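Okay, so here's just one chain, in structure tokens, the form predicted on its own.
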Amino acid sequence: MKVTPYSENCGAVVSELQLATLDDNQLAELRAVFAEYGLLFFRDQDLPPQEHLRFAQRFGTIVVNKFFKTSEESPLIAEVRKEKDQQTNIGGGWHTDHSYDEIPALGSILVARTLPTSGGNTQFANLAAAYDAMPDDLKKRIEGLRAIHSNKHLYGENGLYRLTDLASQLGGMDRVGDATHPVVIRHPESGRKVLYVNPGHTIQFEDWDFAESRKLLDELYMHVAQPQFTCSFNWLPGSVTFWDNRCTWHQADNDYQGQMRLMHRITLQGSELAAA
């Protein structure tokens, strides 16, 4: 197994390894690499749906997304699909998967199935590196805060996605809800402090006025979105990404109109987040 940093603060490329044929020692090594980087990229993988499932189950417990349609191959694999005639894509803004759940997801494993001829990159951000580089006065302002995360504004009856051409692909409107988490968490594996808010799902700080919450949240988002904490991954046939939802953001570029893009995603169950 060879591990090469993808950029200074954002992810690593793992090569000389096939996820479908990992032995136990390689799996243990991969766990350590995942804890260190929180974002792993793989190329030239032979990972059909059943091997995608097997790898995920070896790494953790699968949790099914409440809203995405599942693949024909398995009810445990979610489809991230955009048809040729659709204008809106899923995940087109910065977000963290499942932060709206009381027990947020550990991570997501995304496999390329059908790709456009160009475009369709996924961007990522490192929330641990962003926290480390935060000015001390900003760290003090968010110390001890908790924030409310929600999915109602996206998947609810009058949510954003329900008003787009993605509506036919979504379900689970009766399962929307909120969750509250610490703004700064202690990552359960790496031990690093991590900023745990995101533009897609974080609504406001607990017991704060909405407008004042938005002002501080926007300041945090601007800090994280700086180039030194972000990177962009270009998908190729055989590409796989595995990201830690507890310390990353991601967003999917929507720059391939008139072409289809289909990805298979498996999400792994996490644990309750503890304040740093």
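This is a predicted model, so every value here is computed, not measured. Throughout, we count residues from 1 along the sequence that is shown.
Below, we refer to the form predicted in complex with a small molecule, which is not included among the displayed structures.
Visitor: Just one of 140-148, 202-210, 86-94, 178-186 has heavy atoms within 4.5 Å of the small molecule in the model of the complex; which?
Guide: Selected range: 86-94.
Visitor: Would the small molecule in the model of the complex be within 4.5 angstroms of a non-hydrogen atom of every residue among 110, 235 and 263?
Guide: Every listed residue reaches the small molecule in the model of the complex, so yes.
Visitor: Might residue 71 be said to contact the small molecule in the model of the complex, defining contact as any heavy atom within 4.5 Å?
Guide: Residue-level check for residue 71: no, no contact with the small molecule.
Visitor: Residue 229 near the small molecule in the model of the complex, any heavy atom under 4.5 Å?
Guide: Looking in the model of the complex, residue contacts with the small molecule do not include residue 229, since no heavy atom lies within 4.5 Å.
Visitor: Using a 4.5 angstroms cut-off on non-hydrogen atoms, would residue 243 count as touching the small molecule in the model of the complex?
Guide: Residue-level check for residue 243: yes, a contact with the small molecule.
Visitor: Is residue 252 close enough to the small molecule in the model of the complex to count, meaning some heavy atom within 4.5 Å?
Guide: Residue 252: contacts the small molecule in the model of the complex.
Visitor: Given that the small molecule is left out here, which of 170, 80, 154, 130 has a heavy atom within 4.5 Å of it in the model of the complex?
Guide: Filtering the options by heavy-atom distance leaves 80.
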